[in-house]
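Just the one chain here, laid out as structure tokens, in the form predicted alone.
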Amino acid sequence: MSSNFKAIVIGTSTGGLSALPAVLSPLMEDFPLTILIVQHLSAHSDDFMVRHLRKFCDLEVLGAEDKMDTRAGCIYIAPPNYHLMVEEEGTLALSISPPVHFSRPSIDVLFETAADAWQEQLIGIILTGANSDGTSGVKKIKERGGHVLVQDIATAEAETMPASASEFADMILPLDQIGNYLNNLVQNKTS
């Protein structure tokens, strides 16, 4: 398996508020990859997710902005009511195009654009959620040679999203094992 990963995309919905800290808090202080996150939120939310995740992470957590360059070791959160996309050179873009799966930001939109930008150097992760947003995105990550990780539905607050994406998974793990798996993966300690 490639140890040359450059980025991780994470998608979640119902239950993500508690699932994301469980994944991000174990990450090494010098974790070397860019992380982009879509958490389904109300269109009227503020920057609560950014402030919430900063409490649990050693890594820098930022709200994604249009035309923002990504950096290794930083976490970027999709803003409410905007699709987060990745351009070919890894620069972020925001869009107000129509919702996908009733969601804006949409997990599929982020995952599909990130798959085009980073191809086999991308890891896609689907966590707890109550719809199928993200399934088309992980399919595209697999088509581009990337790695797909899905939360074990036995540990998911809502199982629809991980159950829908599981057919494309390289690995299915309980929530409390995902962070350490990522640490080992980037250090090339997994088989």
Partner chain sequence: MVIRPMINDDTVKNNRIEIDLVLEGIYQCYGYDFRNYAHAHIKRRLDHRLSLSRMDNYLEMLHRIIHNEEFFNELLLDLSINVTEMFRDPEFYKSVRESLIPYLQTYPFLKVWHAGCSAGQEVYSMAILMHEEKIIDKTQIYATDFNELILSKAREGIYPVELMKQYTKNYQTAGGKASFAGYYRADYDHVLINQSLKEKILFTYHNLVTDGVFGEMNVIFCRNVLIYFNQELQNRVLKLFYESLIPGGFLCLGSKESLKFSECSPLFEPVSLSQKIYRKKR
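Residue numbers count along the first chain shown, from 1. Worth saying up front: this structure is predicted, and the values here are computed from it rather than measured.
Omitted here: the form predicted in complex with its partner chain. The next part is about that form.
Though its partner chain is absent from this view, in the model of the complex it lies within 4.5 Å of a heavy atom of just one residue from M28, A130, A154, M68, which is M68. Within 4.5 Å of any heavy atom of its partner chain in the model of the complex lies no heavy atom of I75.
Although the partner is absent here, E143 lies within 4.5 Å of its partner chain in the model of the complex, judged by heavy atoms.
For Y181, no non-hydrogen atom is located within 4.5 Å of its partner chain in the model of the complex, even though that partner is not displayed. Contact check for K139: a non-hydrogen atom falls within 4.5 Å of its partner chain in the model of the complex.
Heavy atoms within 4.5 Å of its partner chain in the model of the complex map, among the stretches 52 to 60, 122 to 130, 31 to 39, 161 to 169, onto 161 to 169 alone. Along 77 to 98, a non-hydrogen atom within 4.5 Å of its partner chain in the model of the complex is carried by P79, N81, Y82, M85, V86, E87, E88, E89, L94, S95, I96, S97, P98, in order along the sequence.
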